[in-house]
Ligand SMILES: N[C@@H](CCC(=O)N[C@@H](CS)C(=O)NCC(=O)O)C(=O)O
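The chain below stands alone, shown as structure tokens; this is the form predicted alone.
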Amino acid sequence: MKLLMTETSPYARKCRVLIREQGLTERIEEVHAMPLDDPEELLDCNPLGKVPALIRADGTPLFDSPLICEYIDSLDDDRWIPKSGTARWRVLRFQALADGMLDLTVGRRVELTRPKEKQFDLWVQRQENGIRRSLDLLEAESDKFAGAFDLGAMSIAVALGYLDFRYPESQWREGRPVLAGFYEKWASRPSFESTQPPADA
């Protein structure tokens, strides 16, 4: 199997961390595919032209990180996504919140890379407000995920890492000591250290 990815994509990083945590690095090859270059292999398996995309052994492609993570999780008995019940919805809820934070952070970065005269300050402010509210909710509900090793907790950690990478001025640790401690625990894991985006990217 192949995972089409970039080292800077936080959505791909979710999949890459899970691959490592599940011990699947020998079964899933990571292939660099820069979306802006429209590589044929990526467009053939994902008409959206986005990473990550997973090409399964039978050639069937999967795209969108929640779906890919669900499939990766099915390959091992050590489940990071509960199969049913309250625990499943807790994990998926936190994954959705983390992915939403990533969407806002990516959108903010895209807006700020536009020429200054074409930037929409109100849009940037709305994205920053959404990130701040999400961080506050996570600090308030940290007891529901801080001690867990599941897809919800991992997705939150990936989102926090992406804030450090693309929005360090958010200073998200200030006033959120539990969230800061939670992130440090994840940042020291080999799966996180080996998927850290290049500092100069």
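One-based numbering along the sequence shown. For clarity, every value in this text was computed on a predicted model and none was experimentally measured.
The discussion below concerns the form predicted in complex with the named molecule, not included here.
Not displayed here, the named molecule is kept clear of residue 175 by more than 4.5 Å at the level of heavy atoms in the predicted bound form.
Using a 4.5 angstroms limit between non-hydrogen atoms, residue 52 touches the named molecule in the predicted bound form. Of the heavy atoms in residue 35, some are within 4.5 Å of the named molecule in the predicted bound form. Remark: residue 64 counts among the residues lining the named molecule in the predicted bound form, judged by a heavy atom distance of 4.5 Å or less.
Contact with the named molecule in the predicted bound form, judged as any non-hydrogen atom within 4.5 angstroms, is confined among 5-13, 188-196, 19-27, 175-183 to 5-13.
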